[in-house]
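Listed next as structure tokens is one chain, alone, in the form predicted alone.
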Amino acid sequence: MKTFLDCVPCFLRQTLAASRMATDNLETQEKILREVLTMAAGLSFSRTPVHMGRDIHRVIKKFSGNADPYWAAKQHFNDEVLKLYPELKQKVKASDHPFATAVRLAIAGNIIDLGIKMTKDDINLQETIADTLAQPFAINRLAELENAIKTARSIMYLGDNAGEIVFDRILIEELPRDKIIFAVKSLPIINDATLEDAREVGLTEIVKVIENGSDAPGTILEDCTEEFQKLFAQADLVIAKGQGNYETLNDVKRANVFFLLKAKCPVLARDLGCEIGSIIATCNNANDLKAGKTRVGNVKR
């Protein structure tokens, strides 16, 4: 997904919020904002929003000297969702359709996104869980995903945020775990999950977990290690969580990349043709590309 004009105010809002988390020094916050304003003036709209997000947070770390401004928030959500784990497992167990319920819970966890939300206090987990379990899918390709899981010999699962990966664990426990490789970021970026977070929530005990080599809040393939790129290319099925992974991979030219997310951003919602807050289970357009069809975007620059 390309960057649109409406993304620019969001870049600046995120810069200000993140710089305040990184440092209390007003002069440093001003330097960060001015540097990002200069970057924004020359940004390429042909790149994804994730590219700019990555560059913004590199600036914040450089000027503040804080390598992980969201560390406390990540710890908070790992702890909070782990407390909910028994309750969430019971919801899946009691469901008439455990797989579909586990997918819905995984999508509910996508609300834990401090790239969109201003602070952790803006996130109401219990309300989001109840809403996600009840509302219809705006895009529903669950049947295709379930079939792809049954026939896949290897599955790569791309994680998104700390705390959210507890919800992912619940879904993974409904899948053939021996086929799964779970990928996390190699360096802290916003509240995205790292290997440390995967260990804390027990994911490393149930599936193979790898780092992707990147510090981008999505999956920019050229930023990732050769090992990750090889495993991504070889996987029969890729399950990608969250907005950043959709933005960076929705046009990738390979089949069987499924996206599970909440539409939290108006630009993304228009691109998907849905309302903000919608729950989405969709697939990339690789098959349409192979057939010579063109995907028509819904957003105007």
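Fair warning: this is a prediction, and the values are worked out from it, not measured in the lab. Residues carry their position along the shown sequence, with the first being 1.
The form predicted together with another copy of the chain exists for this protein as well; it is not shown, and the discussion that follows is about that form.
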Would you confirm whether the three residues Thr194, Ala198 and Gly213 all fall within 4.5 Å of another copy of the chain in the predicted complex, going by non-hydrogen atoms?
-> no
Any of the heavy atoms of Ala67 lying within 4.5 Å of another copy of the chain in the predicted complex?
-> no
With a 4.5 Å heavy atom cut-off, would you call Arg34 a contact of another copy of the chain in the predicted complex?
-> yes
Should Val8 be counted as a contact of another copy of the chain in the predicted complex, where contact means heavy atoms within 4.5 Å?
-> yes
Does another copy of the chain come within 4.5 Å of any heavy atom of Glu30 in the predicted complex?
-> yes
Which pick from Leu237, Ala40, Val252, Ala269 sits with a heavy atom within 4.5 Å of another copy of the chain in the predicted complex?
-> Ala40
For another copy of the chain in the predicted complex, the stretch among 53-61, 40-48, 253-261, 237-245 with residues bearing a heavy atom within 4.5 Å is 40-48
Residues from 153-167 in contact with another copy of the chain (non-hydrogen atom within 4.5 Å) in the predicted complex = none
